[in-house]
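One chain is shown next in structure tokens, namely the form predicted on its own.
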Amino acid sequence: MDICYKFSKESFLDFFKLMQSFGQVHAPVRVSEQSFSFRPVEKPEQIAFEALRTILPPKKMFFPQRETLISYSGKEVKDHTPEPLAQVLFGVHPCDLAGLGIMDNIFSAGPPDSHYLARRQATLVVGLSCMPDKHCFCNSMGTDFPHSAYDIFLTDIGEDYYLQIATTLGEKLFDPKPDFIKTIDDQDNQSYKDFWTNRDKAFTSNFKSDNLKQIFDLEKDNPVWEELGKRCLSCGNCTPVCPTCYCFDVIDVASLDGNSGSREREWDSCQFTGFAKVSGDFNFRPGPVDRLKFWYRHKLHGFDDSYGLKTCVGCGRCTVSCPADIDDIVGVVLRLQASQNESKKDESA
């Protein structure tokens, strides 16, 4: 159970300095009129508290877009396991926390990924409450409330932040307890409940997710896949922005003389034409329809079979970033559910 306190928004500078005492603070920063990105910050004024979704999710902090695994020179081979400095990741919303939890499960499963875990264990994660926009559907995915993957979580309750401390790492940050941290009372608890109740009512885009496995099994040949596949550009935009897409490729980069080189890991996408291509010039998913259907199924069904979790957290990034307007997950699911309902009516007629 979380340890709960509060502090006034006027004292945020004190809280920020406390985070800095742990390590470099990374937070959402405005990088264009419409876009935000997790970047290092040195003062609270740099933080974009209004940021709802960053271009890339928090996974980039622990699973870089490209990194060196090993390098060699002559007969010498060097392992490049990182030794990261302590850092703070501030401003992570509930859906992204759920995404981090899924990534933690993936990269800690045997054999564990030492690169990911080294960065993850060196990071203090501070969550922050938010209000949804028209693209958010985390309430449909059960990721609209902070359940895990954070050390500290802040909920906006007006003039104060309601502070929840969930881990030993979070507790150590407040030991000894600083003066700006105050004890909560019944009114604070009520304000906390009111915020989450009002937030729940603010969602405008949603669907029922309890029958997704059945829907994706029964609607695998639905015409919607052909329709979307014909518009898909196979650009792969939907995968880097997804908080839980973790596919990567491993490539060897050799010097011209062949005496030195490195083995690199870089992000890959199941939407690329060559992703499922194997020797013998055979491709398991040769067309956009095959690849798009696979991605949807993995997000909303496939991972559920093994882990009991869906890997879509309802953040809306894929919908916002898709140039062909086909990654409207809510719209697609509603269409599939409607088709299934029609089928049931026909069977009962």
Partner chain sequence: MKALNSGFVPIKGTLRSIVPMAQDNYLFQISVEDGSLSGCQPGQFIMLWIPGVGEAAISVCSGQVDGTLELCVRKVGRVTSALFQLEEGSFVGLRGPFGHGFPLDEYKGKDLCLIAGGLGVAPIRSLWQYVLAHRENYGKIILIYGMRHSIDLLFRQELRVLLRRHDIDVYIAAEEIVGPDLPPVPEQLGRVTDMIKLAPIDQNFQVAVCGPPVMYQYVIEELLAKNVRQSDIWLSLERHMKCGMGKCGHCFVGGKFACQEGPVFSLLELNLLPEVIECHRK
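Here the structure is a predicted model, which means the values were calculated and not measured. Residue numbers count along the first chain shown, from 1.
Just so you know, the form predicted together with its partner chain exists too; it's not on screen, but the next bit is about it.
Note on the interface: of 134 to 142, 194 to 202, 150 to 158, 73 to 81, the segment with non-hydrogen atoms within 4.5 angstroms of its partner chain in the predicted bound form is 73 to 81.
Its partner chain is not shown here, and in the predicted bound form it never comes within 4.5 Å of any heavy atom of residue 86.
Its partner chain in the predicted bound form is not approached by residue 165, whose heavy atoms all lie more than 4.5 angstroms from it. Within 4.5 Å of some heavy atom of its partner chain in the predicted bound form lies at least one heavy atom of residue 115. Under a 4.5 angstroms non-hydrogen atom cutoff, its partner chain in the predicted bound form lacks residue 179 among its neighbouring residues. Checking 215, 173, 106, 184 for any heavy atom within 4.5 Å of its partner chain in the predicted bound form turns up a single hit: 106. Site residues 26, 51 and 62 are none of them in contact with its partner chain in the predicted bound form, judged by any heavy atom within 4.5 Å. For the stretch 275 to 293, the set of residues having any non-hydrogen atom within 4.5 angstroms of its partner chain in the predicted bound form comprises 275, 276, 277, 278, 279, 280, 281, 282, 283, 284, 285, 286, in sequence order.
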